[in-house]
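One chain follows as structure tokens, the form predicted on its own.
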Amino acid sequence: MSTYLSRLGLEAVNPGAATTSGFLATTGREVPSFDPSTGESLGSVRLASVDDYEKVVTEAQRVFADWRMLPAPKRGEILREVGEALRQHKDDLGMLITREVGKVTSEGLGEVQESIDMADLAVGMSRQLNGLTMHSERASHRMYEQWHPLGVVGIITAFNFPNAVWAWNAMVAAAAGNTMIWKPSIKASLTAIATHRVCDAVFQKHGWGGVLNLIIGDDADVGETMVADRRIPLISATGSTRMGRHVNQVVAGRLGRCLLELGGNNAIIVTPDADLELALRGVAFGAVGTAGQRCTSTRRLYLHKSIAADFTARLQKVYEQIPIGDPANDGVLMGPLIDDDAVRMYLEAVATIREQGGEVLTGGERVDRPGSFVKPTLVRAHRDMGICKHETFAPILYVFEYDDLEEAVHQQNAVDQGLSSAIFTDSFRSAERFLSHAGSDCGIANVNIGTSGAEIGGAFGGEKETGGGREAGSDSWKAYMRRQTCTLNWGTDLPLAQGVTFDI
């Protein structure tokens, strides 16, 4: 067994559910997790059942009753230690992400660093769960708002960020006084188990096992049960728009809350006055990083017609020189897609591109080597290509030309998704136009940086079919809490608001 797996405690087939007493023995089917760069099995998990889920949610409810009463700064102290535990295991967790998901080494390590940063941020949040005070229209009355934890939070994550997206939710939710149940992607189950063990060990040490809970199971039984469960007031789900639409409908049907981070179809606009060297690097990382498997990956590129030919030629040269291979090797910039199903969807998309009149300038094929590798693909596109309106989770970039900035912004916004956007320009007016009310309609709008690589200090999320959710920084803690307005009468009279009288 690999040393990093041993150090993370992944010695054997792991059951799929965890509570305060540790991992439950499960009887579900055994599912292997594969290294997408070789196709070899890294290990396997045994899936949890609905009965296992019931044990987990019951325990999470029980622990919540006490955890919510622990002062928030005390909760923050535990989260500070969680950050330290993640620091101690950063290299091993990063390598596991590289092996299980296919991210290059710096991205695997960067993802764990993001979780560390989230723990640090949550420590600060634990002292800033602030409410407002208001002046009452009634004499001898005081009004204020306070925030209470929701309860048991359900967290559903995708394969592409198997560590960080959970931390975005879990660290903030825990600081706010919630317990949680994490249902990760089966495609990244080992990373989920290792992450849970590292972080839960800290809670266990302080007598707070059961704040963090893990359930690994099929969508059809465990997933559907969680989404429909009235005991889960908030479901935070990251994944496709199709998945999110279903989750939203089920949760809305029981009048619960959703925090959705769904598909992206992100665009970069490059103006004639831009720093083209900077833009070239920003476009390349945005489109090729993580093999195009980020929700913030750059899918569309709008180039002013005066620079389009030269910039496209330079970008094509970069694409043809991208080092592809084992993501753990030095110098490799692009690893594999997550599995052969993803390769199949990539090849089907390339076929559709050609059918719809797109010109594949480079790429468009599988790499001839073991594993789920494909070539980064650059496409000269036209606006009638329907496929450009959809997200393909692969390194495919559509290049368009535009005449004026207003036209480019309109085209950028003319898709159903609204996650991330960027403009490269040295024009103050162009930058402000892009950021104005009439500019980008996305949740993230950047100037002179690409669409990927958001920092945790700002709230992350998007509009339209991206779901409208906000996670990580700013005041995102409010999503995990309920607001309560309180009015206190410290006088001897009972005046009513709006001058209403009721004398008895």
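Note that the coordinates shown come from a computational prediction; the quantities given were computed from them, not determined experimentally. In this text, residue numbers run from 1 along the sequence as written.
The form predicted together with a small molecule is left out here; the points below concern that form.
Just one of D218, E114, D326, E81 comes within 4.5 Å of the small molecule in the predicted bound form, counting any heavy atom, and that one is E114. None of C295, A175, L96, A167 but one reaches within 4.5 angstroms of the small molecule in the predicted bound form through a heavy atom, and that residue is C295. Contact annotation: the small molecule lies within 4.5 Å of heavy atoms from the stretch 287-295 in the predicted bound form, the single such stretch among 147-155, 228-236, 287-295, 303-311. Although the partner is absent here, Y346 sits far enough away that none of its heavy atoms falls within 4.5 Å of the small molecule in the predicted bound form.
When the small molecule is considered in the predicted bound form, G453 lines it closely, a heavy atom lying within 4.5 Å. Interface residue remark: N160 is counted as part of the site for the small molecule in the predicted bound form, having a heavy atom within 4.5 Å. With a 4.5 Å cutoff on heavy atoms, Y53 does not count as touching the small molecule in the predicted bound form; it lies far away.
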